[in-house]
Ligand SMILES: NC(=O)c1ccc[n+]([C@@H]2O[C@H](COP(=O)([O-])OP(=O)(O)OC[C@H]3O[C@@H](n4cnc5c(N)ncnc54)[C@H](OP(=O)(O)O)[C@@H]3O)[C@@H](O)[C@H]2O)c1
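Shown here is one chain on its own, the form predicted on its own, set out as structure tokens.
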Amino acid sequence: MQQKKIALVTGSSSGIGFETSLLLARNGFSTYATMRNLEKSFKIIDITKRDNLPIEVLRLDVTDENSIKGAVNNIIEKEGQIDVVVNNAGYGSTGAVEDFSIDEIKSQFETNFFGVIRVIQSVLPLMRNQKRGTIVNISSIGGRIPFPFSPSYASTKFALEGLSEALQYEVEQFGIKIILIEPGIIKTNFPDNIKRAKKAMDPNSPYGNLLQRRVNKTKNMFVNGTPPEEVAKVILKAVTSQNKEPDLRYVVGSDAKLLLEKRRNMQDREFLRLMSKNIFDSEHMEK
């Protein structure tokens, strides 16, 4: 008899978290789809009822330690175990370094980075006792290669990469696996939720022209992005690998793979020129 598997996914109201929750449930996982705002749960609840999926929606705000503990304890009381955690909750931001206030940067770290740490710390005692578990951290190609005018977002993802690498050494002895998912441009509502630094909204900003080019270019890139279902498939494959250890990193999207290849084969100045040309549609930085 196949052992029951329990999954917890954060940020499940849309995009990658939404598709991952559905795919895990359709592949035998009893899935707890969590989100900060339960008013956004109607879509996943409707599909759960229609398809009779093993999904339960819970409120979980990764910036609130009590909210996390409440959700995790709820799952433990019902199931007695948690086998997979997918840390997906997060948001993007845009602006120049000079535009961001320290409070704006701190706020992004609270969600994208410290939120992940809070969730990990809440489930590790259980996973250590189980002597098994998989923690999946949704990073980004932006955690390896920062895009222009994303200093705050990229910093959170670079930090998440370092955290995950360090963590794997600590928890391997307990049978716990750490996985990083590094998507490229994904076709979701992510760009609609990107927060712009307040100072970046100043029409007289010295960065305004380049920033607007970046915003326009990015919107077009998201239209042709990789479907979030493809990210969910990679996550499922990673957490269900049977006969081999999962990799630490999984890059998702042809754009992300191509960008990494170019970065490996170019000098710093050469790569800067390439990114500037493609993001800003301008030759002025190649001189």
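On a predicted model such as this, the values are computed, not experimentally measured, just so you know. Counting begins at 1, following the sequence as shown.
Omitted from view is the form predicted in complex with the named molecule, to which the following refers.
Q | in the model of the complex, Pro183 touching the named molecule (heavy atom, 4.5 Å) | A | So Pro183 counts as contacting the named molecule.
(Q) Just checking whether Asp61 would be counted as a contact of the named molecule in the model of the complex - the rule being heavy atoms within 4.5 angstroms. (A) Judged by the heavy-atom cut-off of 4.5 Å, Asp61 is in contact with the named molecule in the model of the complex.
Q.
Just checking whether Ser101 would be counted as a contact of the named molecule in the model of the complex - the rule being heavy atoms within 4.5 angstroms.
A. Heavy-atom contact with the named molecule at 4.5 Å: absent for Ser101.
Q.
Would you classify Phe113 as touching the named molecule in the model of the complex, given a 4.5 Å non-hydrogen atom cut-off?
A. Result no; Phe113 lies far from the named molecule in the model of the complex.
Q. So which of Lys40, Lys219, Arg26, Lys262 gets a non-hydrogen atom within 4.5 Å of the named molecule in the model of the complex?
A. The residue from Lys40, Lys219, Arg26, Lys262 that makes the contact is Lys40.
**Q.** Sole residue of Gln212, Asn73, Gln121, Asn193 within 4.5 Å of the named molecule in the model of the complex, by heavy atom
**A.** Of the listed residues, the single hit is Asn193.
Q: Pick the stretch from 150-158, 122-130, 203-211, 167-175 whose residues have a heavy atom within 4.5 Å of the named molecule in the model of the complex.
A: In short, 150-158.
Q.
With the named molecule taken in the model of the complex, which residues across 123-157 come within 4.5 angstroms through any non-hydrogen atom?
A. Sequence-ordered list: Ile138, Ser139, Ser140, Tyr153, Lys157.
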